[in-house]
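Before any questions on how it binds or moves, here is one chain, the form predicted alone, in structure tokens.
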Amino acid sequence: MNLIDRYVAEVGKHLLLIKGRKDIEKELRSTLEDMLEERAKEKGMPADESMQMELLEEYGAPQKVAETYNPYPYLIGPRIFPFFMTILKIVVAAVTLGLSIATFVEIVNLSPITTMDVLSAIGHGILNIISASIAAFGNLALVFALIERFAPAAEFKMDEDKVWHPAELMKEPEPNKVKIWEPIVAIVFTFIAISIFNFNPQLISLYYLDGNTWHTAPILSDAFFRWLPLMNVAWVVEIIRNGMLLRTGEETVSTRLTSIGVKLLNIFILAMLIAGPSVLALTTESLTAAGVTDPDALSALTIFADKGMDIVFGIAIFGTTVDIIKTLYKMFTQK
């Protein structure tokens, strides 16, 4: 193996690309061999090892040459980094708000309330906020790293400076445009849902005041939390979709297909919740332990736990199906 072959092989080791690596190596080898042949003709002597070393030294270190072929030498590039920072700020704000509310509720429910218990609850809440924010940062960084590699550049084209003209006032609203606050609100509330259901499920309880004492009873059963991992998948994908809407400012084929996929997943989850045991943990025993002693209230709540949620989930499935049909209609009727 001559020096050029060794040089090309060393460049190949530093290439991040898998597909097309052989073509790059072949092109580089051909270029170097042509340059060596031309240099040998100029000097009027056959190419030898010293001439190869001179050529390769001028061409540059293999790692530097490989960098010119690597399209993504960074985790999150300048194309979407501003978008990443915007979403990160929204997410951290949502996590902080949700966990702050959870900490406040925990403090209110302390009985008796002591200074040490309050300080302990505040410290625990701060640690929860920090850990949840770090987790959110890591998850977003992973998502945006994947977007950087695989998302079409057109989806994240940076806005160019435009010259405004009064004629724009006469334009009809674009049917695919989205209001900027809609994806922001969706992202915030989705992260609040993730933080509550995953980190503070105790907040989803029945609160009952008996005299000066608050009683609580969990509302959701294990049958609900069994499907929480799949719900998290749907929520994360929905955050990504709203993030794309926030960046592009309009619905695209990819965002609509993603929306349909999330809705189909939600329908599946709802169907499984209907088919399985009751998702409500409101039994006569738990309600009585929480301080509910009125027989009529006990009867109404237990009946709702058995049948009421199935009706609610059925209505949700119907509404989601209608949304899917509307999305498909817009895909085929609007540009």
Partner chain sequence: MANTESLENVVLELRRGVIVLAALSQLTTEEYGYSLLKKLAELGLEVDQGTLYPLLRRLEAQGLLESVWKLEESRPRRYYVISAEGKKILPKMKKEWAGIVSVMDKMLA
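Everything numeric in this text was worked out from a predicted model, so none of it was measured. Positions refer to the first chain, counted from 1.
Unshown form predicted together with its partner chain; subsequent notes refer to it.
State yes only if every one of D222, W227 and E238 has a non-hydrogen atom within 4.5 Å of its partner chain in the predicted complex; otherwise state no. Zero of three within 4.5 Å in the predicted complex.
G319 within 4.5 Å of its partner chain in the predicted complex, heavy atoms: Output for G319 is no: heavy atoms all beyond 4.5 Å of its partner chain.
Hey, in the predicted complex, does T68 get a heavy atom within 4.5 angstroms of its partner chain? Within the cut-off, so yes.
Looking at the partner-bound form in the predicted complex, is I24 within 4.5 Å of its partner chain by any heavy atom? Yes, contact at 4.5 Å.
Going by a heavy atom distance of 4.5 Å, is G20 a contact of its partner chain in the predicted complex? It does: once its partner chain is placed as it appears in the predicted complex, G20 has a heavy atom within 4.5 Å of it.
Could you work out which of D310, D48, D34, E54 is the residue within 4.5 angstroms of its partner chain in the predicted complex, going by heavy atoms? Residue within 4.5 Å of the partner: D34.
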